[in-house]
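Below you'll find only one chain, the form predicted alone, shown as structure tokens.
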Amino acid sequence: MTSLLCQTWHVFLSPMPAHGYEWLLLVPLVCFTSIAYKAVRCEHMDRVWKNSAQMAVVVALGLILLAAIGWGVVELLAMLPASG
């Protein structure tokens, strides 16, 4: 039973390596999420593609801004003297 469970969950336990390009997986995630959200929330279907493109750009820029802020915080904390 345990070996069958391990074989079943092997894909989730050791996923395929992306070799440093994991951040590219955010592009389809942001696009598909914004399309699905706007398809549900828009009142008129003729505006779905424009609104979802705008939302994808805003979400991508937000993620870039959060990553930059996180990087800055880590760099500032690295400059602090060690309390030892």
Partner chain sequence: MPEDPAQTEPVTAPEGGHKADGQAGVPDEIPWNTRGFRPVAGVAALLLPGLGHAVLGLPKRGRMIAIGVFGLFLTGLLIGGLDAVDSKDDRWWFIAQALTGPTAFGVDWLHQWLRAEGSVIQGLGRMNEIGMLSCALAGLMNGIAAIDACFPPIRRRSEGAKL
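Because the structure is predicted, anything quoted here is derived from the model rather than measured. Positions refer to the first chain, counted from 1.
The protein also exists as the form predicted in complex with the partner chain; that form is not presented, and the subsequent description refers to it.
Mapping the unseen interface onto this chain, Met45 counts among the residues with a heavy atom inside 4.5 Å of the partner chain in the predicted bound form. Within 4.5 Å of any heavy atom of the partner chain in the predicted bound form lies no heavy atom of Trp71. Heavy atoms of Leu29 reach within 4.5 Å of the partner chain in the predicted bound form, making it an interface residue. Residue contact with the partner chain in the predicted bound form: Glu22 places a heavy atom within 4.5 Å of it. Note on contacts: among Ala67, Val11, Leu76, Leu61, the single residue with a heavy atom within 4.5 Å of the partner chain in the predicted bound form is Val11.
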